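Taking the form predicted on its own, here's one chain by itself in structure tokens.
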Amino acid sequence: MSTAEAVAIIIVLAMTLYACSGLADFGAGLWDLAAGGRAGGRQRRALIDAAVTPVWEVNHMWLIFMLILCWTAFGPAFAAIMTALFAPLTLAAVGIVLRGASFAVRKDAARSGGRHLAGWLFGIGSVLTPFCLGLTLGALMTGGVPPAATGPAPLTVTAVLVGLLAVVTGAFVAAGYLAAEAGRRGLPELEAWFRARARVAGAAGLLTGVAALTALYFDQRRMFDLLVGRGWPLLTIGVLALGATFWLATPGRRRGLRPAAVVGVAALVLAWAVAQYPYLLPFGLTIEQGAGAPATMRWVLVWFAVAVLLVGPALVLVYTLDQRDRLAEEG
């Protein structure tokens, strides 16, 4: 394995962890938007606040890490992606800012009207961000980003469906996470409410996934063949794990819901990465062609090892304290 391939694997791992966190907010913004009126949805929103707040900033770390590695290690590919997909990436950034600012403002707003408006903006940002990031991934998969991109990438049906799939998958995973969180906190009514949403979102995700795969067949046959040919073991694991998540979301079951969701999402992201290997930009720029200077790649790996040693234990501690309800007490 070359140093460039090692750095590419690190980027894929960061992307996988970001996806497993529901793109930082566990995808909960959509359910915050659909929680109901001010009175009826108060408990649901309170649970979302309690689940997301302690790990909000931690989850954003993966996105920042991924972006820094991309422009440091694979500058030509990063420049082409930013040129061809400037519009969706800008909208994704707007969604991230809108989501974070609104979430923070809602907690501190003095008036109920301000809190309600901030909640709406939080939900809108949480839908806009995964859709635009999924749209970007879909455009990349269909070969819409040439190495010397000078204009916007074409908007394909596959790209739109992958964007919708990102939203629906996030909603499915978020509902599963929140159902498990409600169960852990002894809130049966909220647990049942989120379980029902998980089943609906899971069914919608299955239909959207099949539609996206069908559209990929017509938009980029080569990528389709690689995805179902080379990536079929991971696709199978992903489908089985998400199917298990769907089953575990039925009443009477609690254990294993969150791990199954994590495995399902991770397997789907990795299936895409395996299918696209060795290309950064299908099918015009490989990892080796787009890599920076050898010294840069070596130093990226060195600092990644340092980061793992410094940040890894802190992350384990944060998630452990969160699950033991110690962060709120200490805060």
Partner chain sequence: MSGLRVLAEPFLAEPAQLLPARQQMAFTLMFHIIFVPIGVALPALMLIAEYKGLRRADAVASKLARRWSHVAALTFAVGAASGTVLSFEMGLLWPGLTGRFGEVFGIPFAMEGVAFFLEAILMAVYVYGWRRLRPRTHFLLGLPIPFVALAGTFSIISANAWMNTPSGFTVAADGGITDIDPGAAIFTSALPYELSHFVPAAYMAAGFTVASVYVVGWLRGHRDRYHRLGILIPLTVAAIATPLQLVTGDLAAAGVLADQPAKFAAMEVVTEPGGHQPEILFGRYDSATNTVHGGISIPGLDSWLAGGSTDTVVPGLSQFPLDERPSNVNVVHWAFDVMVGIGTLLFLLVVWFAIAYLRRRDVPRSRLFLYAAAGAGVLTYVALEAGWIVTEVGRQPWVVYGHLRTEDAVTRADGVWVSFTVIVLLYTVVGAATVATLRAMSRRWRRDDETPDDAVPYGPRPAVPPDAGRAAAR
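What you are looking at is a predicted structure, and each value in this text was computed from that prediction instead of being measured. Residue numbers count along the first chain shown, from 1.
The same protein also exists as the form predicted in complex with the partner chain; that form is not shown, yet it is the one meant from here on.
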{"query": "Stretch from 29 to 37, 50 to 58, 259 to 267, 279 to 287 whose residues place a heavy atom within 4.5 Å of the partner chain in the predicted complex", "finding": "50 to 58"}
{"query": "The unique member of Thr250, Thr236, Ser112, Thr150 whose heavy atoms fall within 4.5 Å of the partner chain in the predicted complex", "finding": "Thr150"}
{"query": "Val157, Ile124, Ala79, Leu206 - the one with a heavy atom within 4.5 Å of the partner chain in the predicted complex", "finding": "Ala79"}
{"query": "Glu189, heavy atom within 4.5 angstroms of the partner chain in the predicted complex", "finding": "yes"}
{"query": "The partner chain contact at Asp108 in the predicted complex, heavy atom, 4.5 Å", "finding": "yes"}
{"query": "Contact label in the predicted complex: Met141 to the partner chain, heavy atom within 4.5 Å", "finding": "no"}
{"query": "Contact of Tyr217 with the partner chain in the predicted complex (heavy atom, 4.5 Å)", "finding": "no"}
{"query": "Within 307 to 323, the residues that have a heavy atom no more than 4.5 Å from the partner chain in the predicted complex", "finding": "Ala307, Leu310, Val311, Ala314, Leu315, Leu317, Val318, Leu321"}
